[in-house]
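One chain follows as structure tokens, the form predicted alone.
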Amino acid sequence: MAHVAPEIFNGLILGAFFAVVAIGLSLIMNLTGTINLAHGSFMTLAGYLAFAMVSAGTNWWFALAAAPILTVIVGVAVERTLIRPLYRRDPVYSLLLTFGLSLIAEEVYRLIWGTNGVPFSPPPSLQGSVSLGFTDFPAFRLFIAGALLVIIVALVVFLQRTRLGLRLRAAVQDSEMIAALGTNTQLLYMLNFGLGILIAGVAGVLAAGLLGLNPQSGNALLMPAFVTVIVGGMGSLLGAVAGGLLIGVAISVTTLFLPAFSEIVMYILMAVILLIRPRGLFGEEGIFG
């Protein structure tokens, strides 16, 4: 039990990463029909931008706030120029486009920052460990757990309690009707895409300090995030959270007892859940039902 409890806690943090990335993917897919395979590349970009700022002498906390915002600017530019013409077309077009963008981005990162990983450590205030009773746990991981929880709660409040959030949910249900009521749907698409990239950017900076930073670091979280979307159910915020935590704990515990199966356990879990519930754990029509 002394070994299992820390692994479960590690799994919950890893699963929270999967959930946050999956929420960003779901936001973009549900409203625009875009399968964004470049999502992980935006996470990596945010990590590298934060690394560049800290290397130049900028405060780590400022980099945590500024890097995702800069990433959103890049993401919105890409959305307006390349992805926008593909809205409401066959998803295979956006899939191929964003896959190509991810390959290009990965090579650009290699040219600028090199093929090897770069060190990106948390600030001194988040180093060291905190006693949780059953184990001493790294303070940075506890901070990440709290930050990811804040992101999820803030997103729930935004989607459920704000006018813009309600419009996003309504647009998923019937974009033509909301356009007829006077809403600028193209602006709505842009804001929705930017929100998804913002979430990815924050997760990318945090992941860089926890999992390391290299040209492929964001893409390493992308496939588990897609599996999280499928397991949790398309359109469900609760499903993304539950699916992410379930997958994270499964990977962490499997790594402890059967390391050879840690890479495939999430696919086994996905297959079992889809056999029982073909639409995922909390699959709903529309966004975050």
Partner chain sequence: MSDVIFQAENIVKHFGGVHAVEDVSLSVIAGSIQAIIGPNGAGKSTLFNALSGFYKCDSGKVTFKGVDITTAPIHRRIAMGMGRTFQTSSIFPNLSVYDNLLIGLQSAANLAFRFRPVDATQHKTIEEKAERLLDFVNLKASAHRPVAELAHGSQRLCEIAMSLSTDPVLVMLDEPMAGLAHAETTRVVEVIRKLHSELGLTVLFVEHNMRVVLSLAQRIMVLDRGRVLAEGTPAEISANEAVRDAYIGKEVIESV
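Because the structure is a prediction, the values reported are computed rather than measured. Numbering follows the first chain given and starts at 1.
Heads up, the form predicted in complex with the partner chain isn't pictured, but that's what we're talking about next.
Colleague: Would you check, heavy atoms only and a 4.5 Å threshold, whether P124 touches the partner chain in the model of the complex?
Modeller: Judged by the heavy-atom cut-off of 4.5 Å, P124 is well away from the partner chain in the model of the complex.
Colleague: Report yes if any heavy atom of L142 sits within 4.5 Å of a heavy atom of the partner chain in the model of the complex; otherwise report no.
Modeller: No - in the model of the complex, heavy atoms of L142 and the partner chain never come within 4.5 Å of each other.
Colleague: So, in the model of the complex, is P85 in contact with the partner chain at a 4.5 angstroms heavy atom limit?
Modeller: No, P85 is distant from the partner.
Colleague: Indicate whether A77 is a 4.5 Å heavy atom neighbour of the partner chain in the model of the complex.
Modeller: Looking in the model of the complex, residue contacts with the partner chain do not include A77, since no heavy atom lies within 4.5 Å.
Colleague: Looking at 144-152, 68-76, 199-207, 169-177, which one sits within 4.5 Å of the partner chain in the model of the complex if you count heavy atoms only?
Modeller: Comparing against the partner chain in the model of the complex, the contact stretch is 169-177.
Colleague: Looking at L96, V108, L191, V156, which has any heavy atom no more than 4.5 Å from the partner chain in the model of the complex?
Modeller: The residue in contact is L191.
Colleague: Heavy atoms within 4.5 Å of the partner chain in the model of the complex is the criterion; list the residues of 248-271 that meet it.
Modeller: Sequence-ordered list is empty.
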